[in-house]
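In the block that follows, a single chain appears as structure tokens, in the form predicted alone.
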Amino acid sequence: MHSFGYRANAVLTFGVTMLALMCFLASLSDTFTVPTTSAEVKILNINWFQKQANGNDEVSLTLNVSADLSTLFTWNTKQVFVFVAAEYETPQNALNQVSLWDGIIPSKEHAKFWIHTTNKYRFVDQGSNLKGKDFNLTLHWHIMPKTGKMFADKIVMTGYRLPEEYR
């Protein structure tokens, strides 16, 4: 006969294997959903555009952020992390990203939102690269599932430009 330890090990191994298989199948079932999201970010005002004492450019913006991310939520979604980033090019870097605002959406009921805010984080460029600069505002999101792999996507909104002079 097999010992108690051997039988307990077999039962525990089988249970953990079945739990891992169920988590895998649950995660796999979520990969076939195709979300349809909509978002819009408007710049209402450039509050200030100045050169700091250390020579860096700084911008303060007033934004309207509206989005409907409710299709991102399935039975496997724990929460969604959302942020708005300004993206632009400089001679030193092909892509600069500055986070302006972020938030955590805990449930589908909160996934349709409209926010009027100034940038939560400072929009600062190392140097004097922002005068007259074209930039994009991008709404990024990261879906944090209960089980399985995280998923990230974004919506890019183009056509923004900073002033030629400080104010």
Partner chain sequence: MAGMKQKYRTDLSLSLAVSQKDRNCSTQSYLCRGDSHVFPSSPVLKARINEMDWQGQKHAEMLMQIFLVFSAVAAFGAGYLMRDFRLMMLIYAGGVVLTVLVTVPNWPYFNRHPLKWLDPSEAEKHPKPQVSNITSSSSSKKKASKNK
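Positions refer to the first chain, counted from 1. In this text the structure is predicted, and so the values were computed from the model without any measurement.
The form predicted in complex with the partner chain exists for this protein as well; it is not shown, and the discussion that follows is about that form.
Colleague: Which of these stretches, 37-45, 60-68, 109-117, 22-30, has heavy atoms within 4.5 Å of the partner chain in the predicted bound form?
Modeller: Single hit among the candidates: 22-30.
Colleague: H2 versus the partner chain, in the predicted bound form: is there a non-hydrogen atom within 4.5 Å?
Modeller: Result yes; H2 sits at the interface with the partner chain in the predicted bound form.
Colleague: Give a yes or no for R7: in the predicted bound form, does one of its heavy atoms lie within 4.5 Å of a heavy atom belonging to the partner chain?
Modeller: Yes - in the predicted bound form, heavy atoms of R7 and the partner chain come within 4.5 Å of each other.
Colleague: In the predicted bound form, does V11 have a heavy atom within 4.5 Å of the partner chain?
Modeller: V11: yes, in contact with the partner chain in the predicted bound form.
Colleague: Using 4.5 Å between non-hydrogen atoms, is M18 touching the partner chain in the predicted bound form?
Modeller: Yes.
Colleague: Are there residues in 63-84 with a heavy atom within 4.5 Å of the partner chain in the predicted bound form, and which are they, in order?
Modeller: W75, N76, in sequence order.
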